[in-house]
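Next up: just one chain, as structure tokens, the form predicted alone.
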Amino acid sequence: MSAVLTELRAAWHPVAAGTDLPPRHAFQGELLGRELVAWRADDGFVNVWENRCLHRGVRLSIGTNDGTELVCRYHGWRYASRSAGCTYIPAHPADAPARTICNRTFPAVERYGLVWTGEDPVGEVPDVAVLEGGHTDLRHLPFDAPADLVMAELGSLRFAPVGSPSGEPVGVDVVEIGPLTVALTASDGSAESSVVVFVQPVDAAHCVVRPVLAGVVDAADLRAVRRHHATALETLRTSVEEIARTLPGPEPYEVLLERAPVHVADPAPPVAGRTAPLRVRVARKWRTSAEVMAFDLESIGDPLPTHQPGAHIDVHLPNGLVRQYSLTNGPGDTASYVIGVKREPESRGGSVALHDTVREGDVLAISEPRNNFVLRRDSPRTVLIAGGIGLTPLLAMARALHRMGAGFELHIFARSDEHLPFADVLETLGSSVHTHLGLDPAATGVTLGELLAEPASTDQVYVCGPGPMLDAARSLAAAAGWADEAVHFEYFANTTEIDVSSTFEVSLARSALTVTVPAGSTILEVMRENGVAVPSSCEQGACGTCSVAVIEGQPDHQDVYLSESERARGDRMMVCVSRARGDRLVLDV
């Protein structure tokens, strides 16, 4: 790599005007031979990414910007704003994409009406003092000529300063203020204007000239000023391109394209136990209902990992406890994580610590998001049923479906309006939200029966809430003829009394290890004692994180995560609570 190219890769360059990124638009740019896609999310964040889908390499600039995600036009892969992580693969609607499926991103800064980025820029976007007092955007023009040739010829540009008595173009004084930046000043009598010209090196043989006029031009004169400068720049382009045609073509830039590795399509490698690699600061804490406190958790350092609707995180509390909370964020909303925490009257310390101890500004350790409650986005009708704080994962699902314009119903059961969390967010979801307030268990059962009656073969239902409500919903769904794979549920906790009285042997096939699980210990604990890594989260048999495949033997299921049909198959089990019915199990670990 040449020294010049190395220097260019370490610099900031403009690649678009701010006006090139209107809402819901994707802009194609190019810098140093690399194609880029730039787009603005609804929250104003500007994304600059490699312009290709990780699936088949199709340009993402022809995709759809839905305000929070960029959707590939070819097979519908979705990528989240900020992180560029894949959030949904239509060909695998029931699976959460691996966290490793993430497009390449570049830093982006808006300044002087331009969007700046770079391959690996050092420092900040350079200050240009003459533009700090205000500026006026001028027309940008592509040149079929190398950037260094354009820089050498910019001194021949002629224009009339604003307010010039003659209005005739005059010569300019040139001051170089950066490797590809010059300030051109024209004077005519008492009138004087400066134009700062930024040259964007598209590739070795092409560039884009992006002039910015110092000072703010009166609206009445703006069109005439822009037309005058566009004409002057057109004249310069003609002469420069004539010169370029007489010169030998430059050596093309070497573009370092990073081929997407095959492993991006593989599931993320398992992480042993409960880890908390992320640090977040409590940016905001507020009461969102009579019993629920909301927490806005912003990253300290790197951007937060991509998550999908239904995902949860482990929160490691100051008192040493670890609790799981669902993310309520909408799709592509990766600026922070928002959770809701109900104060439990019989709290063992988790919800009380968050309500009473944790304050705004505190730093918490959390896990990366996990998703064992995956939303399919291809159903024409999705029914979401929440009991109280069970709304949190379903709120994220509803926001995703609402954003996509998909058909869904969100039914929320709560004691009263005062017990309805995130009411402000619910208002944004329109007529799809239905509240059922103050119902006793019998009336709740009747209403659930009505909601689950006569399902279509393409319907999907997701339920989250208290255990008795979920048990009732599952029974009613089965009686109404819902297919087992169309009914999805998430329990708050496993209230089953766990029987740990048995002793049995477990062979770990891939680890070539056989261990004995004594009475009083779990399979998960024994595996840890023997150095075998298995991811876990709630460790109550509710979240599904520690699910492992069973090769031989009959599991004694004691979790609430698996469905009846999954239990009957006996090919998976939760090692945090489940045990063996016989003397031996063989697990795919």
Partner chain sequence: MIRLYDWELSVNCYKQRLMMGILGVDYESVPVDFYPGREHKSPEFAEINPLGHIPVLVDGDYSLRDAHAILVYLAAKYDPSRRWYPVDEPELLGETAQWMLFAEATTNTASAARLHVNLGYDFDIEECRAGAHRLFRVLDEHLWFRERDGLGWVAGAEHPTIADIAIFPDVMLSEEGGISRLDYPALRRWTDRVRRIPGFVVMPGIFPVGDGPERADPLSIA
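Numbering follows the first chain given and starts at 1. Note that the structure is a prediction, hence the values are computed from the model and not measured.
The form predicted in complex with the partner chain exists for this protein as well; it is not shown, and the discussion that follows is about that form.
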item	value
Stretch in contact, per heavy atom within 4.5 angstroms of the partner chain in the predicted complex, of 553-561, 517-525, 535-543, 29-37	29-37
Contacting member of 104, 284, 274, 73, with respect to the partner chain in the predicted complex [4.5 Å, heavy atom]	73
Selected contact from 318, 380, 142, 93, since only one has a non-hydrogen atom within 4.5 angstroms of the partner chain in the predicted complex	142
Residue 411, heavy atom within 4.5 angstroms of the partner chain in the predicted complex	no
Residue 570, heavy atom within 4.5 angstroms of the partner chain in the predicted complex	no
The partner chain contact in the predicted complex: residue 547, any heavy atom under 4.5 Å	no
Contact label in the predicted complex: residue 484 to the partner chain, heavy atom within 4.5 Å	no
Check all three, 22, 138 and 237, heavy atom within 4.5 Å of the partner chain in the predicted complex	yes
Residues of stretch 211-238 in contact with the partner chain in the predicted complex (4.5 Å, non-hydrogen atom)	223, 226, 227, 230, 234, 237
